Ligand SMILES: Cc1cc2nc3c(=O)[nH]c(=O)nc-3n(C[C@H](O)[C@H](O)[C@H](O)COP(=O)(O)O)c2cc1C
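We begin with a single chain expressed as structure tokens, specifically the form predicted on its own.
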Amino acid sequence: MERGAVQAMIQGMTRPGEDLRILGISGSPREIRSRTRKLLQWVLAGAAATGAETELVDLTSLRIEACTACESCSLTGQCVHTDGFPFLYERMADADGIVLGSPVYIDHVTGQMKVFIDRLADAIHYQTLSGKYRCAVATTWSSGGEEVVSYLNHVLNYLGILTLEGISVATGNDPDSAFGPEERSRNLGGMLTRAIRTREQFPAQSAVIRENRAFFARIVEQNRDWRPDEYAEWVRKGWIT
């Protein structure tokens, strides 16, 4: 991996002793100077205060190559790239909750976040992260923050993940304005851990997830000869009958 060892990629890890893991993923290229990252840290602090183990990963600390649409993952379950994506995907799979964060770059997420999302295509098609809980945060100069949070939640629903309402902060001419919603951010972290523990239900989202899964089932069926284990797992779960 580039830019140091794994320990350098993970920031602010806490281990309060309970087996509940929350992972924060920051898409800002500014790393420790990022206001979005500060929001993520507060959300994770709120989760830690309610007994969760937390960690924060900066996407810029990992080398993640762009998807080339070669379909290797769809046919074999393996990506042709050898980079930092498997490290982060394993962290996601091990986590009970995930918090995504991105500043607004020309009305969208950052390039780093988009490249990472595109590499999640196989996880989306095979719903390998289904059943988890997530939320999202964003910062912007004046506009687009709510849209970025909505987009990140949309991606999370594609993954079969239930999402809480996120936080968007417009900084404008006041660079310190992003440091105001600390209480809201910490509360969001606490809400995330409570949703996980109580298995909170979101019927509207669940309906969308079921609809998406019915579409992805066609991909799983088409590739059943290539990936019989994954097909059998969908049958076992009742997602294919």
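Numbers for residues come from their place in the sequence shown, where the first is 1. Since the structure is predicted, the reported quantities are computational estimates derived from the model, not experimental observations.
Although not depicted, the form predicted together with this ligand is the subject of the following passage.
- Contact check at 4.5 Å (heavy atoms) against this ligand in the predicted complex: all three of R30, T139 and T171 pass.
- Heavy atoms within 4.5 Å of this ligand in the predicted complex are found in one stretch of 140 to 148, 84 to 92, 154 to 162, 113 to 121, which is 140 to 148.
- Contact with this ligand in the predicted complex, judged by any heavy atom within 4.5 Å, is made by just one of S61, S34, T50, Q41: S34.
- Only one of I98, V104, C79, I167 comes within 4.5 Å of this ligand in the predicted complex through a heavy atom, and that residue is V104.
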